[in-house]
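First, one chain by itself: the form predicted on its own, in C-alpha cells.
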C-alpha cells in the first residue's frame, strides 16, 4: 500500500490536483471573509465575530467543499481513465488496493484543505480584531463539523469517479447534490431533509444560531446562542461513509474494463 500511495502522490503532483483544490479553497475563503470590518456598521460584527463566523460559514462550506471534493476525485481518477491505465494496474495490483490508495490520497488532500481553511479563518479573525480570544472549544467542534460531511461526500464522489470514465457524470451528480444540500439549509423546519442528504449535513451539524434579528430592528437586539444538534446527523454521516465506501469498492472491483 505504501508503494501505491507514493505512486499516487507522484501522479497527483503532475496533475496539479492539490493546486486545483487550493484554488477552490481560496475562492471559498474570499467568499467567506468578504465584508465590512471597519465601517460604521461593523460594531456588531467585531463584537460577535467569532460566533458570527460559526453561524455563517456552514452555508459557505456546503457550497465550496462538495465542489472541491468533486474536482479532486475527478482529477485523480481521470488520470487512469484517459490512458486506459486501469488495465495495466489491474495486472500488477488488486483492484481493491488501487481503490483504497486513490481514496486515501484524495481524502487526506481534502482534509488538509479543510485544515488550511480553518486556520485561515482563525488567523483572519485575530487580524481584524474580533473581541475576545477565539473560543477554541467551539472552533474545534466546527472543524469536526466541516471534516465529517466533507469526508462523506468525498467517499461518494470517489466512487462515482472511479466507476465512470466520463467525469462529467460524477461532477454533475456533485453539483446537483450541492444545490440540494444548500436548499435544505433554508428549510430548518424539516431537519429530516438535511439529515437525509450527505450535502445537507453541513447545516444539520450547525450548532450556533442567530436570534432576535428582525427587519425593523436588525442587529439591535440580535444575539447568538448554542443550538441543539440532532444525534441523527452524526449517525447519518457514519452510515453514509460506510455505505459509500463499501458500495463503491464493491462495484469497482466488479467493473468491466
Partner chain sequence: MLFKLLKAERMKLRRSPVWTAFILMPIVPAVLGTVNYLGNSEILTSEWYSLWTQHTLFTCYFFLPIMIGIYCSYIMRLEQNNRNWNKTLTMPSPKWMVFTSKLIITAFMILISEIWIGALFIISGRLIGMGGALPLRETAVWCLFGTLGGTVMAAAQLVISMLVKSFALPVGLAFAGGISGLVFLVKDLGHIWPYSLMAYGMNSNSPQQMMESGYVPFIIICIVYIALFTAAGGIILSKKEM
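Fair warning: this is a prediction, and the values are worked out from it, not measured in the lab. Positions refer to the first chain, counted from 1.
Although it is not shown, the form predicted in complex with its partner chain is what the next lines describe.
The partner is absent here; in the model of the complex, the one residue of 33, 210, 51, 67 having a heavy atom within 4.5 Å of its partner chain is 67. The closest non-hydrogen atom of residue 95 lies beyond 4.5 Å of its partner chain in the model of the complex.
Its partner chain in the model of the complex comes within 4.5 Å of a heavy atom belonging to residue 168. Contact annotation for residue 27: at least one heavy atom lies within 4.5 Å of its partner chain in the model of the complex.
None of the heavy atoms of residue 44 is located within 4.5 Å of its partner chain in the model of the complex. If you check its partner chain in the model of the complex, you find no heavy atom from any of 151, 229 and 234 within 4.5 Å.
Segments offered: 73-81, 105-113, 126-134, 143-151. Contacting its partner chain in the model of the complex at heavy atom distances within 4.5 Å is 73-81.
Taking its partner chain as positioned in the model of the complex, the residues of 172-204 that bring a heavy atom within 4.5 Å of it are, in sequence order, 172, 175, 176, 178, 179, 180, 182, 183, 184, 186, 187, 189, 190, 193.
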